[in-house]
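Same chain, two forms, each on its own as structure tokens: structure 1, then structure 2.
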Structure 1
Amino acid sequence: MFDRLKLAFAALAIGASGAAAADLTVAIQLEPPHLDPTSAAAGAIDSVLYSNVFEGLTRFASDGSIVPGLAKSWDISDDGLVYTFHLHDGVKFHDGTTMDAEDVKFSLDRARAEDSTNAQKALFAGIADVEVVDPLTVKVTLSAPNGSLPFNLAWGDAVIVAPESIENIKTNPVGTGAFRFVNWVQGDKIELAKNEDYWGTPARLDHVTFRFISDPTAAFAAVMAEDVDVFAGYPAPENLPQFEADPRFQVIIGNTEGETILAMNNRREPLNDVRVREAIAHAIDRQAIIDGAMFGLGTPIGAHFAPHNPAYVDLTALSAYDPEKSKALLAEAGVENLTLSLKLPPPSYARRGGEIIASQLRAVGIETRIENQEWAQWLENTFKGHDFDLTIVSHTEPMDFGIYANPDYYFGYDNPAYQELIKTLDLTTDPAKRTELMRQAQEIMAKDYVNGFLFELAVATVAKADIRGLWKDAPTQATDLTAVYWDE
């Protein structure tokens, strides 16, 4: 009786828009602080909007490769300095205005401007000039050759926005994607609807609702009760075997770009001593952390670099689990009775991993003071305020080893040789040479024991069994629903 009533209500709610099989409720862990991907680092913004609502000139495909987006093709000048992008014809923003070369120029100029609040300004640093050739052609001139420009422009921070709608973008995002933004009930949900005028392959879903559930217990309940159809980035790996055994659900486990590290504050005594950092690295048993905190999900890493990347070098041997060596190094460095603070943000890789690391460090004579922090507190005090000795976090941006060239970054690694190497890499377009430089970069940071390199985070998506078209891996922060459908 009650079910029938619910059905009736559901039918009423859907109204004229059609069958329920074209609706989808997706849960993700974090709610975006606002809806402008071009002015904040918060990954949750891209989790909702990337590819669904906003598109860039290029985009990440589900396997991490770079494919054309709003630009259908591009030419590179012989000297590698000028990229000419050819735009798709007939692309409209959701407010009906046309997307053309002027919008591209506006978006790129805005992102690289002096007063830009873009969280990844480095992506645009090499751009010297953006020129409108005709409404469908844009010429981007670089100050030095940069082979990774198409990659840089695929980021969520580089999506194309319109000057007409930029003012209210934080609450009313207007993009060119296969879904348009409908409604945001703060603290509850964001609703998207199919963009009927989409320039490309239209979405197969009519209506999408994003919900935000960060508590693992609530996440479990929501999936089990079928309140959500998809949980992208399921927070509790211990529950996955149960979902796998349940015919109602499918569990998709994929790679992410999330290098999970035990970050060490390189500015502080005694962590500014490489021997102490090396001692900490040898005290850590990665497999125990992967098994204990992630229930076996994750790949060990020996540097800040994704193992599925062709340029990856396995350097885990440099920091192999060796408590005796660790003790010897501490003795050599003359460090005794060391107590370090360990700040832990909410995800279970950090909270559980932190307890395991604390126990492993205690075994070599290093005590830790664990402090559990909420995200806001962690961002403010630890990440921005640099008030920590140790912390655990997963860096989910793709190819983000450039952060080790920034001495002001929270872990405070300052090595001119590394910074020089990254500069050289930025100017190199030859793929073979780039790979070689990236290998060198990994070796430098691994031999400097900048941080404890733990494991590459895996991502688990739990979905109803008959949903198709979800991304397996997470090459960037995204929940791309443009190809998702119900198989019935």
Structure 2
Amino acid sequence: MFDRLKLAFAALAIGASGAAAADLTVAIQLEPPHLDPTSAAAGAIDSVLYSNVFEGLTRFASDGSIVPGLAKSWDISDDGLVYTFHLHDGVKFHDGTTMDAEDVKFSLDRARAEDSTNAQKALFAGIADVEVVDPLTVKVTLSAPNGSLPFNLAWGDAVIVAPESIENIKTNPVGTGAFRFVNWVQGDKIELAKNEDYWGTPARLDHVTFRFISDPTAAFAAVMAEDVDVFAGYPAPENLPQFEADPRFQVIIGNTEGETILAMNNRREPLNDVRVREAIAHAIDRQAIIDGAMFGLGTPIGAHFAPHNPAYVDLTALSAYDPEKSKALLAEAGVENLTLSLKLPPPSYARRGGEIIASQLRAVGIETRIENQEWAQWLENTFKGHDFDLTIVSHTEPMDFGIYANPDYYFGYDNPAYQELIKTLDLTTDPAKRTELMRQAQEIMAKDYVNGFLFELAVATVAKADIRGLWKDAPTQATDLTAVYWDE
């Protein structure tokens, strides 16, 4: 009898484990402001929805390469002006409607429209026309050759949406991905379920819950109590050695595309004086910030460019830590008794780094008024409203140095020479010439001290030991769960 009971309990345990193994709870630090990746700059939207719910014609693979998405292939005309995309057959949106070339045209035309609210509208600026050839073929004509088009179309801002569901996309996202949206309890969680009618390789998970835990102490408690299965972008790196020593967990540390910067409002006095911006740059001890805020995780940068990119130039010496030079530059600019606002969004790199930077600036005679902001407040007032002097944020979009060519962007850098260089880069297809232009771009922004360039953000994921298929690196801000499974 006892042995039969033991076997029965064992069977129940196996059955429970098998059921649970189809579910996953993932914690991330930031909650999306809404659920439309095509009309907001918040990377938190892509963290939940990229590839999971929404897909583009192309997509980023885990190693950063560009691979086919909804387009199974594409042809490029000899003059480089026409891309013809061939779509997968049998693709349906989660509401059962067919995804075809008309939806691609709708999505690209909407993104590039004059009244578009797409945060990366520049990605689509070179598109002159989008033509439906037949239901599975769409022709994109460019105003000038652009070899980066497949890369541009892999961004979360370029996912394919449908006119039938666009009205409610911010609260009820309808995509084509391996998971469908189920529920959003604001302030708590977003739930996804496996798309049983997925056109591609089906997901191995049945149900996914994204939980939002912004506080590092609460993050530690949730992981230790095993209330969450994965914490993507774990916000308290000082805890990582403890997790590494615990056989219940695995710690995965990778690279991101996240240039973490002390952004300066170039529109405002005295920050419109390059000497003041340079003074601030020389007041910053990057390594002290990496050690103090990130516990050593992060790579110093001297421009808005990822160090792992082959075109990267190490320009950190131009803004080396030199408090005396900083004081001299402020004196030369006639600036004294300077107080600047410092707006800090929720991520730990910003809150912790902001305290360290405030202390470093105080040492050269610059006081700061720190204001901690929630993510939605930061997006509305700081990013959109330009109501700040200084702020700290990590730009996780890949290869996004083109933002410095947009004078309306939140930090307000307006340099016609840089804008012309980016136009030339967009028209250049030769790899060697592109590399040279990218290096020139880095030098211009570094020598103009547009922002305080701090470090390339590392990403730490803490997960239960038997989970497989998680991304190590983050070539775009995403928590791609389409190939994640429990190792039974």
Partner chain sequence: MTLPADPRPGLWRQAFRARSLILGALLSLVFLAAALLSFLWTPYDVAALDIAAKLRPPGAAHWLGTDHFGRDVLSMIMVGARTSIAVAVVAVGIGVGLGVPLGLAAAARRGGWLDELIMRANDLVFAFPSLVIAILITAVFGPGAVNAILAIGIFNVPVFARLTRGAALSLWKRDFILAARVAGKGATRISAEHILPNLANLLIVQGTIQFSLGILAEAGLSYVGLGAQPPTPSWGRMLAESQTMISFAPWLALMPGMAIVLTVLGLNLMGDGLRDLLDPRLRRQR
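Remember, it's a predicted structure, so these values are computed and weren't measured experimentally. Here, rigid core means the biggest group of C-alpha atoms that superpose within 1.5 Å across both forms. Numbering for residues begins at 1 and runs along the sequence of structure 1.
In this comparison the chain labelled structure 2 is the form predicted on its own, and the other chain is not.
A rotation of 12° separates the smaller rigid part from the larger between structure 1 and structure 2 once C-alpha atoms are superposed.
Once the core is aligned between structure 1 and structure 2, the alpha carbon position of Ser348 differs by 3.0 Å; this is the C-alpha shift at that site.
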